[in-house]
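Next up: a single chain in structure tokens, the form predicted on its own.
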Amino acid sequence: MPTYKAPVDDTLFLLNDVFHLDRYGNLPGFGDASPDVVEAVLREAAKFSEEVLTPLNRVGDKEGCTRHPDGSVATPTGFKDAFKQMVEGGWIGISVPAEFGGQDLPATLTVAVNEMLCSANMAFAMYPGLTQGAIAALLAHASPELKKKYLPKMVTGEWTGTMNLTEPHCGTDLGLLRTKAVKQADGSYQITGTKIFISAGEHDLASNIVHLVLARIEGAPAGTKGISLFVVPKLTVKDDGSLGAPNGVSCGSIEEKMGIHANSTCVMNYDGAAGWLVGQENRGLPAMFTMMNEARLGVAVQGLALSEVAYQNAAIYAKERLQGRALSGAKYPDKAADPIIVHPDVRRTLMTIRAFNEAARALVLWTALKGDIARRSEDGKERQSADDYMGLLTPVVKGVLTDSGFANTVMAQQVFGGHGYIAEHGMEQFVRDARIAMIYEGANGIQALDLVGRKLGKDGGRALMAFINEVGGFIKEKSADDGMKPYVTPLGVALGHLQQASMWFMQNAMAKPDNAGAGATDYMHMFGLVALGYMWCRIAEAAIAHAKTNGAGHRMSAKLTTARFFMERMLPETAAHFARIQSGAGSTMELPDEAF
């Protein structure tokens, strides 16, 4: 059975030494996030993840969820008790305003906690994770009455939340949506339609499930301009907050799927269910995208989380598995063979995953910190800058971290050889579970198109230029430091590739949009490598400073070595991405449809 050790010390190093969380004390909620409070929260989350959730991961995968004839769904053995402990610990509302029962701590801390939960048990973590996304949408767009009615019990975890977008005939193209809403005399709406792929759509963990549903009001404009968002509870809620009669919402079936078996992915049927409008009529997509952006960062965390737990188990196995002798001579002559950790290709595999994990963790925390600034700062210019960053980096973080996260679980599985293909070691489950993160909340090809087609040119390229200027400024500032040269010099080359690729799109994609489409995924991954490289430079800077103050210990030396590996072995991939982008769409689009 696989094991998991939460990376608390690494996360604390990032928050304290790299990003200096203490410098944000002017933001609401950050004053309460003292170093001792942050450490206490992370260590408790680690304990819960390691001791409660990790043992349930394989149980959930084997048992899955069960739909009963009445449409109710039972979660796997142990999940109800684990969720009860989660509710008692107040984990769902860490970053929610106190007026709704939350602790009002930075969302950055929630992201750090969610990584641990997902590494330990991704399918379980989706139940509270989706609830947090629904809470975010309601906080941003719901009326005071709806907030008062639903948020307090969602924040405690007594009720959970979902998002309902996809229908059998439409996924990404929501303009084709058919679920209809008919206004009633009391101001509510009757919602009728079918939604598919609804994670956590029905279960036995909470007394009520609050569905956020996209639907089209009768007479609304066609396409995406005519979509509205509704709160549709499983059980109606009375004015005093108590639960009323069952609503016209039911689980038609549970999808049989490749992974995340312990999360109930449902076909949801709405048969004249009572719903209440969130925000304005025909403005449902902006409201839902609040939840989508929360969810996309959460999915990026899933990619990192599974990469991390897969790496940990592969590293343990590599140090234990005896096979052959080192190319340079026996390293453990007292043993029948050397452990496979001595072999360069095994080390290449492990170092590749490790170098990704540490930089990806930094990137999600840095992005979450920008989100906190965008929501909490009183400085309009500061909020706009942070919001620009979030808009630009969200598709990069989601796409790159989930693509790489899946690839890393496969590489970690490879370390085990045939044992990685056998369920006993748990590696094949990590591969299966990680695969969905590349698909849901907007498949990664869509993330790449969003980045190239919308985000690069938005506001005259303001966000892109701000990112390039920030990274370029850092490189210029540190280039005279001999200790930083091994890190900033390769980053400067990679940043040049990103600038050249951005210019190539400007010159070649306007007249021929297929050029943008053909190069979008390469551009997204090039952007991701530059962002990860920037994070490694920030980490290296902090590690060097830490070593000067505290002595060059094993941890800081390991970080600098891993940073060098990233710069030497991974960051040069930007050149290959740039070459593919420049090749354009010619050979990609040349074959006629019938030739496929």
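Computed from a predicted structure; not experimentally measured. The numbering used is simple: start at 1 and walk along the sequence shown.
Unshown form predicted together with another copy of the chain; subsequent notes refer to it.
J.: Can you work out which of 98, 423, 465, 243 has a heavy atom no more than 4.5 Å from another copy of the chain in the predicted complex?
T.: Of 98, 423, 465, 243, the residue with a heavy atom within 4.5 Å of another copy of the chain in the predicted complex is 423.
J.: Taking 4.5 Å between heavy atoms as the contact cutoff, choose which of 413, 131, 394, 264 touches another copy of the chain in the predicted complex.
T.: Of the listed residues, the single hit is 413.
J.: Indicate whether residue 573 is a 4.5 Å heavy atom neighbour of another copy of the chain in the predicted complex.
T.: Yes, residue 573 lies within 4.5 Å of another copy of the chain in the predicted complex.
J.: Any of the heavy atoms of residue 564 lying within 4.5 Å of another copy of the chain in the predicted complex?
T.: Result yes; residue 564 sits at the interface with another copy of the chain in the predicted complex.
J.: Mark residue 521 yes when one of its heavy atoms lies within 4.5 Å of a heavy atom of another copy of the chain in the predicted complex, and no otherwise.
T.: Close contact exists here: in the predicted complex, residue 521 approaches another copy of the chain to within 4.5 Å, heavy atoms only.
J.: Just checking whether residue 558 would be counted as a contact of another copy of the chain in the predicted complex - the rule being heavy atoms within 4.5 angstroms.
T.: Looking in the predicted complex, residue contacts with another copy of the chain include residue 558, since a heavy atom lies within 4.5 Å.
J.: 146-154, 294-302, 445-453, 278-286: which one contacts another copy of the chain in the predicted complex at 4.5 Å, heavy atom to heavy atom?
T.: Stretch with heavy atoms near the partner: 445-453.
J.: Heavy atom within 4.5 Å of another copy of the chain in the predicted complex: which residues of 578-596 qualify?
T.: 579, 580, 583, 584, 586, 587, 588, 589, 590, 591, 592, 593, 594, 595, 596 sit within 4.5 Å of the partner.
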